[in-house]
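Quick heads-up: it's one chain on its own, the form predicted on its own, in structure tokens.
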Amino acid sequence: MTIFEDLESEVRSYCRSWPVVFDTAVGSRLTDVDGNSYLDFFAGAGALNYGHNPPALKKPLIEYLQRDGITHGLDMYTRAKGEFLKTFREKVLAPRGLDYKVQFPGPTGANAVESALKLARKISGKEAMINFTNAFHGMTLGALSVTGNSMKRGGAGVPLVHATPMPYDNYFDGKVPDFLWFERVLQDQGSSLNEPAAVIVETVQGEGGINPARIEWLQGLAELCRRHDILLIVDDVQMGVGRTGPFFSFEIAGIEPDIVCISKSISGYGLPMALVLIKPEYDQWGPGEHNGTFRGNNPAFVTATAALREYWSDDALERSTLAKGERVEEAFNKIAADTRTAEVTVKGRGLARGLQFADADLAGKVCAAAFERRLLMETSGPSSEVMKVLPPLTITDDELEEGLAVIAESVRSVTGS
């Protein structure tokens, strides 16, 4: 590992928690150069919902490369992009009665967020944005302006302006009516709130601590936006593509955002790809007004198409994800009940789950103990107080039970209970 320490920037992070050299990966497991196998409850921070190297995606990708299919296409028309768009409409949009235009920004979630913020300002002619406490939307300047974490915001090096945070669901532990402050400052001519172009929200905050918003809160937010003529942007970068069960995490609330940001697992294979979904009346871009050199990653289109056909032709994956999520919740509730020496709270939805520790240091210690037992997990939350699990949605029942047993053992080893 000397080469990494000698040459790679100090900004590296995950490798500090998992100081081994990984070599291969299949399904829910990674193998290091010494042949040790690790169970993956991290899934590329949500970019590998179908696991590592899924055969149904790998085969068409290899065939595409072997026939010299277009690799880099900017926004040119290509067969791969056309097949993806047709399949996305057939498997995702049409069955849900959704009508969106599809924009391909640069290939990351932050690119999608930047594009959404720019478009909302163009549509409305307004500058201000509303974000939420503990939100995370990316590391570029626009995305950071609507992100809550002070450490990440501090890295910007410049003032982050034109965004006003509002309390996310349950920020006041249910002691304050939903949107009390938001409604008041919108209506009060003396509040000094700049009239917002849009609200950007995650239905489940991932990096913010696995915080799920209640259905009624999401519905109330959508209604508030309609009444005040504010665009609603849902950031579904980490929680979309089935992570909470349905393809879109907002489906559970029956709402239709004006703009949706998708990335991470949309390619299905860990290849860079992002989408911005836009209601047709808001597709007001001029040609080339927002672009990116790698917005036409055609191998990603190939694997994304294969993933939609393989996993979203019926509701089997959704039902499986919800059932596995209930099993994780059951196991986590038992861990919380059995832990006598530390205060533990169970959080999450679908297969985005977490254990929050009142003593924030314990979450990192549990993850470290799990790594010693060859299970990969990370922490989240403003103080890294949540032990976060994002296993592949395709994880087997036996693998899930194996990982849950390791977590229970790791919690016991750290807390002594």
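All residue numbers are counted from 1 along the displayed sequence. None of these values were measured; they are calculated from a predicted model.
Another form exists, predicted in complex with another copy of the chain; not displayed. Remarks below refer to it.
Undergrad: State the residue from 339, 321, 134, 305 whose non-hydrogen atoms include one within 4.5 Å of another copy of the chain in the predicted bound form.
TA: Result of the distance check: 134.
Undergrad: By the heavy atom within 4.5 Å rule, which residue out of 279, 153, 96, 228 makes contact with another copy of the chain in the predicted bound form?
TA: The residue in contact is 153.
Undergrad: Looking at another copy of the chain in the predicted bound form, do all three of 26, 118 and 290 come within 4.5 Å of it through at least one heavy atom?
TA: Yes.
Undergrad: Which is the contacting stretch out of 344-352, 386-394, 30-38, 359-367, given heavy atoms within 4.5 Å of another copy of the chain in the predicted bound form?
TA: Result of the contact check: 30-38.
Undergrad: Is there any non-hydrogen atom of residue 127 lying within 4.5 Å of another copy of the chain in the predicted bound form?
TA: Contact check for residue 127: yes, within 4.5 Å of another copy of the chain in the predicted bound form.
Undergrad: Does another copy of the chain come within 4.5 Å of any heavy atom of residue 172 in the predicted bound form?
TA: Residue 172: contacts another copy of the chain in the predicted bound form.
Undergrad: Examine residue 243 and determine whether its closest non-hydrogen atom to another copy of the chain in the predicted bound form is within 4.5 angstroms.
TA: Looking in the predicted bound form, residue contacts with another copy of the chain do not include residue 243, since no heavy atom lies within 4.5 Å.
Undergrad: Can residue 375 be called a contact residue for another copy of the chain in the predicted bound form at 4.5 Å between heavy atoms?
TA: It does not: once another copy of the chain is placed as it appears in the predicted bound form, residue 375 has no heavy atom within 4.5 Å of it.
Undergrad: Taking another copy of the chain as it sits in the predicted bound form, which residues of 136-157 have a non-hydrogen atom within 4.5 Å of it? Please list them.
TA: The stretch touches the partner through 136, 139, 140, 141, 142, 144, 147, 148, 149, 150, 151, 152, 153, 155, 156, 157.
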